[in-house]
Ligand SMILES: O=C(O)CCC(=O)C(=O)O
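In the block that follows, a single chain appears as structure tokens, in the form predicted alone.
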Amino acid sequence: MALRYCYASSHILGIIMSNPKSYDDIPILDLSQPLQPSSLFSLYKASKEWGIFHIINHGISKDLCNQIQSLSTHLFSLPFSSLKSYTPHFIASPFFESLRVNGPNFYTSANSSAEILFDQKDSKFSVIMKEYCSKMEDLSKRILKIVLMSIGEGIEKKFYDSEFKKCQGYLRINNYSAPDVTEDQVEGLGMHTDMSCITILYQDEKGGLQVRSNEGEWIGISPSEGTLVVNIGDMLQAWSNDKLRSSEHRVLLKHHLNRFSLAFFWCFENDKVILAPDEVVGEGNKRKYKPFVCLEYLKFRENNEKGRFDKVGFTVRDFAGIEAQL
């Protein structure tokens, strides 16, 4: 039976649930509107069931994204063999390649790559990367606080400073080359979960992102102008004791055209020990994860996946889940 939730313009979130295989099932968070209790509940429900939601009125201009996309057209035509920040296409997928820009000094990280990539010194790339990543850093903090609020009253105020204050971010500029095949669609990036707290994604108009439902169905997340996608990552799933779900997602290439995306990952610091607080676990409930160090999990994923990003079986639950180790 179809459900439809309509909120007045003063609400931050609206959900339309009609076709169970439609991306309209995914809620939209309007950052220009005041928070409402019903909105937080809907956001929590989406984060628990889907692990993904949209945001609008986020302050990231289309012009800024277009500038990065324009620069990337030249960027991915250059040789990258000497760059540690570059992910060669043959590692993850024959169609996928990516350049990483690390925080907290995004300008320095981008500039170190630019000095190798470009024949002449040009700070435009580094300046734009700093602008985008700095905005994403602020946006990640804002989104994370709202997600924590949705878990329960007082969670954000009690735990943000003590648990999430030292979070760090990095950006991946992703290019998917056009598949030279006869099939209607090919896998540009295999099914996986992110190793972040949250990830904020910009995808161009070609789309291709899909998220897997609890029932195992693939739901297309179609791009919409002015809309960004937020998904919950492994670290927040473990910290929330499975109150939030790290979304399983993949990228399909449906057109014989290059696809462009920007993925900003907001993560715990490497030496952070992840342990769900008692207040989050809840009275009478058991912890589902043993304490673990963030860096150790990252190494576990990298060693098991061998850079392929296509083995969703290797998740935080496999690494630190208590039931998985019994």
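For every residue, the number given is its place in the sequence shown, counted from 1. All of these numbers come straight from a predicted model, not from anything done at the bench.
Beyond the structure shown, there is the form predicted together with the ligand, which is absent from this document and is the topic of what follows.
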Report task. Counting non-hydrogen atoms within 4.5 angstroms of the ligand in the predicted bound form, say which of Leu228, Leu209, Met129, Ile198 makes the cut. Result -> Leu209
Query raised in the report: Of Leu189, Cys167, Leu148, Leu244, which one comes within 4.5 Å of the ligand in the predicted bound form, counting heavy atoms only?
Result: Leu189
Query raised in the report: Among Asp30, Ile60 and Leu139, does every residue place a heavy atom within 4.5 Å of the ligand in the predicted bound form?
Result: no
Report task. Give a yes/no on whether Val280 approaches the ligand to within 4.5 Å in the predicted bound form, heavy atoms considered. Result -> no
Query raised in the report: Might Ser240 be said to contact the ligand in the predicted bound form, defining contact as any heavy atom within 4.5 Å?
Result: no
Query raised in the report: Even though the ligand is not shown here, does Ser109 get within 4.5 Å of it in the predicted bound form, heavy atoms only?
Result: no
Query - Interface membership of Trp50, the ligand in the predicted bound form, 4.5 Å heavy atom rule - result: no
Report summary line: Only one of 63-71, 283-291, 263-271, 40-48 sits within 4.5 Å of the ligand in the predicted bound form by heavy atom distance, namely 263-271
Report summary line: Within 241-261, the residues having any heavy atom within 4.5 Å of the ligand in the predicted bound form are His249, Val251, Arg259, Ser261
